Each structure stands twice: as structure tokens, then as C-alpha cells.
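Let's start with one chain on its own, the form predicted on its own, as C-alpha cells.
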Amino acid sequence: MVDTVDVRRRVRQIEATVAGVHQETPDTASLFLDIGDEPHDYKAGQFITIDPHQFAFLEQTIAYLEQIKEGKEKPRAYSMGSAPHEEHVLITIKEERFWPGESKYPPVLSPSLTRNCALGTPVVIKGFTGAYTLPEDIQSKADNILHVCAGSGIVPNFALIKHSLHVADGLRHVLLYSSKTKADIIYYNEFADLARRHPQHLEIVHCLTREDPVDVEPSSRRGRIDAELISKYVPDPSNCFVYSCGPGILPWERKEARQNGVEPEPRFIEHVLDLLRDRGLDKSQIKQESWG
């Protein structure tokens, strides 16, 4: 009963203000949200939601999409890249695009948040929730935390790593981060700085899929995350806990595949889960979040 009351207390509507904007990559931006006197009573790795109906300039777009979808547009969930000790709530948003023949519907919220969100913009958020967090007893489960991420899936893991290093819990983190090019690496400078300051507790390997790494620090390689790389950083599967976040099969893709009598094409998350299971990790040792 105590846990239920605590969750209800934390998940609430909050009036925030955009206190900072930072362009992370050509299609990704970070918003630093000032939540005033509201307590930062969230856990690293959790998320907030934003209802697009609050923005007047989206009214006609939303009305049209709700008509053709025959349903109400839902709030969008955004993982927080901030740790509770930091001044602002950080969300990092990758701009979704509409690709004819590939996308089901045009995106509603992400283009505006990444391209046209000015300082001082009021944003009502609902938070905080999500189970993609470090267990209270993590030290009794494992000494080594492996993070396997792609693209904007890095956001909650950025928070997890910062929080762990801040509280000095003694855990060792390894981040295997897949990006298309160096220009697509989110939080590149911040991670390089963390690795320099915490060499005993953080190791980073950038995996670039569309170019050879040049001057990518602290460590990099060409190619996708594979079984060899997983084996290298999981020498003892019994002493490892894994957090993986990146693109996964979408619900509508699964539904469409079932209707056609085929299996949906695996994406990053499905590929990583197969690698981890082949390495001998149990599902209880793996936490994953996906997006599309």
C-alpha cells in the first residue's frame, strides 16, 4: 500500500518552463525544463509525458489526425536524461519524419519540440513514472552494468550512469552505443568528460554503422553491436545487469505482420535481446525499453 501511495504522489501534472535548449545532433534537441519548486522526486531512468493538445498551433493538425485515425491523440512519452540531483529536468527529442510509403501517419509533436521550442515556452508535463531504473539492491545483484543503446535510446541510460557516478555506488558501467555517424552521437562531449573523470567506473565504446570512426573518443569501432562485443564485456553472465534501449518493433507493425501471416522484421532491441540470451543472461537480468 505504501508503494501505491508513493507512486500516486509522484505521478502528477507539473507546469514547467523551457529554461534551455541545446541542439545535440542535426535532428535531435535537448530541452532543459524548470519545474519550479516541484520536488525532483523521480528515479534516474524514468519518463514524463506531454499532451500535444496543450499547444494551440497544433489544434488543426490534431483535429485532422483524430478524424482519420478515429481516435484521440495520446500524450507522448519522453525519457528523462537528467538525474534527480541536477537542476533541470532534461528531455532529449529526436525529430520524427514522415516518409511516404513507410510512415503510417505524420508526426505530431516531435518536429515542433526539436525545431521551434523557444526559451520561456510553458510546457505542462505529467511525471514521473517508469520501471527502467536501478533496483535499490543492485549491488547484491551485480557489480557490472552493461548499457546497450542506439540513437535516442541513450537518454534514460545517460541518467542512470550520471546518477550512479554521483552517488558513488561502486558499480562499473560499460556503454555500447550504436550511432550512424559521429555527428549522430547524442551527449558526445558529456560522455567523453564522464569517462575521463571516472575511468574506473565507466567505459564507453561508440559503434558507428555508416562511417569509419575518426577522432571518436574514448573508444570506437566500425559496425553494429555483435556477439563478439557482447562476449567481451560480459565475461561473467552471472555478475551482470543489462539496460538496453533503442528502436524496436512497433505494435502496429506486429499487428500488420500477424494479418499477413509473417514475422515482423527484428529491429535493434530484438537483435540485442537475442545476443544477450545467447550469452547466457536470464530475462531477470535485462531491462529494456523500445521506441519507433
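This is a predicted model, so every value here is computed, not measured. Each residue number is its position in the shown sequence, starting from 1.
Same protein, other form: the form predicted in complex with a small molecule, not shown, and the subject of what follows.
Trainee: Hey, in the model of the complex, is Pro106 touching the small molecule, heavy atoms inside 4.5 Å?
Mentor: Yes, Pro106 is a contact residue.
Trainee: Can Pro218 be called a contact residue for the small molecule in the model of the complex at 4.5 Å between heavy atoms?
Mentor: Answer no; every heavy atom of Pro218 is more than 4.5 Å from the small molecule in the model of the complex.
Trainee: Is Lys94 one of the residues lying within 4.5 Å of the small molecule in the model of the complex, judged by heavy atom distances?
Mentor: Within the cut-off, so yes.
Trainee: Taking heavy atoms only, is Val155 within 4.5 angstroms of the small molecule in the model of the complex?
Mentor: Although the small molecule is absent here, Val155 would touch it in the model of the complex, with heavy atoms inside 4.5 Å.
Trainee: Hey, of 172-180, 134-142, 204-212, 94-102, which bit sits against the small molecule in the model of the complex at 4.5 Å between non-hydrogen atoms?
Mentor: Stretch with heavy atoms near the partner: 94-102.
Trainee: Under a 4.5 angstroms heavy atom criterion, identify the one residue in Phe32, Phe47, Phe241, Tyr233 near the small molecule in the model of the complex.
Mentor: Here the answer is residue option Phe47.
Trainee: Could you check which residue among His40, His53, Lys69, Arg258 gets a heavy atom within 4.5 Å of the small molecule in the model of the complex?
Mentor: In short, Lys69.
Trainee: Would all three of Arg76, Ser79 and Pro111 be in contact with the small molecule in the model of the complex, where contact means some heavy atom lies within 4.5 Å?
Mentor: Yes, the whole candidate spot contacts the small molecule.
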